[in-house]
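Below sits a lone chain in C-alpha cells, taken as the form predicted on its own.
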C-alpha cells in the first residue's frame, strides 16, 4: 500500500536518523544560548489516525505554553510496509517577555508491525527522571498492553471515541492490576467536572438539602456521541448518594426509596446538556446550552426559584487535556465510580 505521508515534512522540524536523535537535540540547544530547555514531564501522544502528527504538533505548541514537557508524538499505520521516521523540534515561548523557554518534541511515524519497535524506539527517548503522561487518542487497540501500561504514570483516554467501551475498559482494568499506581483520566469524565461541582454546590441550599433524601427521579440529556459522560455522572450520583442499582436505570436509596433515571440522547445537545434531580415539588437542575461558556444552575420549589451561572467545561479534547495536566491528582473518584459505570454500561 502506498503512503500519502509527505516525503518532506518541515512542520515537524528536522528529520533525523533514529540513532542520532539525542545528538541532534543537543545540537539544537547549542545553536541558541538564549533558549532555556524546560521540562516537568514526558508527554507522549499516540494516534493511529492518518495525519495526526501534524495536528498533534500544533496541539503541543499550545499545551507547552503552560505545561513544560518533553513531547513524544507517535503516529502509527499498520497497513503499510514496515518503516520508521523521526523528527525533532522545539516549541519556544517568551517568559516575562524576555527569555525564550522551549520544550523538546520528538515525532515518530511507524508503519507495519509495530508493537516491539514502538516500545523500544519510543521509550528509549524518554527523559528517565520525569513522569510519563500518555495521551492515547482514539480506539484502544492491541498495541496497548500491560507491559506498556507498566511504564506509564498517567494515562489520558477518551472513552466517548470507543466503539466497544466494555472491551476497552476490560483492558484498562487489566492495566490497573499490572500497575496499581497508574492514574487513569477519561476525558468523558473530565467533560462533566463543572456539572458535578454545580450539582454539589446547589445542595448547599437548605431547600435542596431538605429534598435530598426524597429524590426519586433523575433526568440526564446528552449529545449522541457522549453517552459515556451521561452514564459516568449517573454513576457518580448513585455512588455518592449510596444508591443501589436495581437494573434498567432503576435504583434504590438507603431508605428503600425507588429512584428512576431517564437518560436521553438529543442531537442538538451539548456533550452533557442537562442533569435534573426531582423530589416531589423540588427540582434541582444544571443545564448547558450547546456552545455556551456557562452552565445554568437552578432550584425550583413552588414559588422558590434560585438561579446562578457557573463556568462550563471546554468541549475540545486539547483543552480538556490542558485541564487534566493543570489539576494533576490521583483521580481516585473516577476509580471509585468505575464499577458502577461499567455496570450501567451493560
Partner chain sequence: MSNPFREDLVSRNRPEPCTVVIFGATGDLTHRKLIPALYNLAVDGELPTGVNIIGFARREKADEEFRKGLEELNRKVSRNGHDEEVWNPFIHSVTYHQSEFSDDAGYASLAKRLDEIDAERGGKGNRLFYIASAPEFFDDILLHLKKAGLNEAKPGCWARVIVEKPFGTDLKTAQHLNHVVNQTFNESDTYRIDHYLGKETAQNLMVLRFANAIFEPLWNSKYISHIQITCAENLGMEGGRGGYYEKSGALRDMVQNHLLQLLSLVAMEPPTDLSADGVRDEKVKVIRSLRQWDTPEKVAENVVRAQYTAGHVDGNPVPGYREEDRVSASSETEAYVAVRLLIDTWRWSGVPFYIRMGKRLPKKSTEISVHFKDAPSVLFGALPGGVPGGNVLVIRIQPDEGISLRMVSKIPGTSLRLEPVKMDFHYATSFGKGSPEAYERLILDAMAGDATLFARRDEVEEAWRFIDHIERAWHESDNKPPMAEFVAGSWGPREADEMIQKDGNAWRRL
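All figures in this text were calculated on a predicted structure; none of them were measured in a lab. Residue numbers count along the first chain shown, from 1.
Just so it is clear, the following notes concern the form predicted together with the partner chain, a form of the same protein that is not shown.
- In the predicted complex, the partner chain sits beyond 4.5 Å of every heavy atom of residue 167.
- Interface residue remark: residue 123 is not counted as part of the site for the partner chain in the predicted complex, having no heavy atom within 4.5 Å.
- The closest non-hydrogen atom of residue 162 lies beyond 4.5 Å of the partner chain in the predicted complex.
- Contact check for residue 173: no non-hydrogen atom falls within 4.5 Å of the partner chain in the predicted complex.
- The partner is absent here; in the predicted complex, the one residue of 264, 80, 146, 205 having a heavy atom within 4.5 Å of the partner chain is 205.
- Residue 197 is the only one of 197, 257, 249, 130 with a heavy atom lying within 4.5 Å of the partner chain in the predicted complex.
- Look at 174 to 182, 133 to 141, 151 to 159, 240 to 248: in the predicted complex, residues with non-hydrogen atoms within 4.5 angstroms of the partner chain sit in 240 to 248.
- Remark: none of the three candidate residues (6, 19 and 109) comes within 4.5 Å of the partner chain in the predicted complex, counting heavy atoms only.
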